[in-house]
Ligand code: F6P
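There is one chain below, alone, in structure tokens, taken in the form predicted on its own.
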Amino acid sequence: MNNKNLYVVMVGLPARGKSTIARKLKENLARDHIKTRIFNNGDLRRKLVNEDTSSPEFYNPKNSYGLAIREQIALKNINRAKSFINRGGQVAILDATNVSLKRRKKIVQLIPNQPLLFIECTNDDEEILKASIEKKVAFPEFNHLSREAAIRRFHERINYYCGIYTSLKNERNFIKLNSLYNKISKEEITDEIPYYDRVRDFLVTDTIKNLFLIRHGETYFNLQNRIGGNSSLTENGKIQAEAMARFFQKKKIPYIFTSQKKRTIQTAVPIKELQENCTMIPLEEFNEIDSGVCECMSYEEIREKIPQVYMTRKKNKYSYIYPEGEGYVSMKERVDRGIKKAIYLSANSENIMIIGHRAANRMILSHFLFRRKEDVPYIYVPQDKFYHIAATQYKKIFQLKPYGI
């Protein structure tokens, strides 16, 4: 067994993040000058097969013709991976569904006496699955179909894979990964696996190359010192949004994530308009703190009309939960989930942007920047500046920058 080489075998249903993990793994290893290459069955299929592979019947395990073609492609990629290793490559990543026990046994037979690591990607979040499928059906093979028809076909394709899906269990070396939460649910390592510590550490690490975290522009509620609600931007807020759009115009921002509130969406629209191929995705997870019975009230009104709320919250701002609402402490789970979704959906993007609210942005900042819980509600989140965050295994950046008006 050559302990300097490694074959990584991706496993999982379509649209579960396998290719995203494979690309990030390759990039991570390349930083350490480890020669890595991905062998993606889907890319090879789209290159070599002239038939309409958008048809779900092509993936029907009872379709002997489609099955034969897919097996030939799998074999060709395995041989390409072996050739790469034989020519001095170090890590070959076989990126395909590989959900059947039969296929995985075949891989083991064809790559004897070499370290094999299986990585199974799972993700049952319906919203993420929906967004992932929408990205998949943007491939040229679906161009002749309506969006609805393409999505329907892709779901049928997934159903065929479900019929032959056997989760990792008896393989000698494997990791089962929730690809949304970067959480390992099970692992079994029997052999000595090269680069294992490096690979495992990467799998559980949030990676953002450049995140621009912005608070929405000025609103009418801001002028009145009111909390929550769904206020629109003032004229000055619109000027701020347009200034941000001009500031970021020369940066490629493929994804802008907002809350579901008008003020963040109104802030995002001018930025999106000056970008090419920019997708705006409102996420409920980035909504502002729900202040319950105090929603739309000013702090002065709360102090005068509900003094017990005002005084109790003042004593422990982080842990206090508004009656019929939430608090910083109860926001954490949903905001963390929103961050995971944003990272997942913008996979491999150089730059992403989140436009949120003061309390929500404080929770996002605390996700990346250590703060004592009692200090989180006081993190500075202005409307005339933005945070630039980079968080990888190699680099950590936290900068507060003005965008200029």
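Model, not experiment: these values are computed from the prediction. Heads up: residue numbers just count along the shown sequence, starting at 1.
Just so you know, the form predicted in complex with ligand F6P exists too; it's not on screen, but the next bit is about it.
Novice: What I'd like checked is whether Arg45, Phe58 and Lys136 together line ligand F6P in the predicted bound form, meaning each has a non-hydrogen atom within 4.5 Å of it.
Specialist: No, none of Arg45, Phe58 and Lys136 comes within 4.5 Å of ligand F6P in the predicted bound form.
Novice: Pick from Ala241, Ile85, Ile227, Ile281: which residue has any heavy atom within 4.5 angstroms of ligand F6P in the predicted bound form?
Specialist: That would be Ile227.
Novice: Could you check which residue among Arg313, Arg200, Arg153, Lys332 gets a heavy atom within 4.5 Å of ligand F6P in the predicted bound form?
Specialist: It is Arg313.
Novice: Choose one stretch from 335 to 343, 355 to 363, 25 to 33, 50 to 58: the one whose residues place a heavy atom within 4.5 angstroms of ligand F6P in the predicted bound form.
Specialist: Heavy-atom contact with the partner occurs in 355 to 363.
Novice: Is it the case that Lys317, even though its partner is missing from this view, gets within 4.5 Å of ligand F6P in the predicted bound form, heavy atoms only?
Specialist: Contact with ligand F6P, yes.
Novice: Using heavy atoms and a 4.5 Å limit, would one call Glu288 a contact residue for ligand F6P in the predicted bound form?
Specialist: Yes, Glu288 lies within 4.5 Å of ligand F6P in the predicted bound form.
Novice: Within a 4.5 Å heavy atom cut-off, is Gly66 in contact with ligand F6P in the predicted bound form?
Specialist: No - in the predicted bound form, heavy atoms of Gly66 and ligand F6P never come within 4.5 Å of each other.
Novice: With the partner left out here, check for me: in the predicted bound form, does some heavy atom of Asn178 sit within 4.5 Å of ligand F6P?
Specialist: No, Asn178 stays farther than 4.5 Å from ligand F6P in the predicted bound form.
Novice: Taking ligand F6P as it sits in the predicted bound form, which residues of 211 to 225 have a non-hydrogen atom within 4.5 Å of it? Please list them.
Specialist: Residues within 4.5 Å: Arg215, Asn222.
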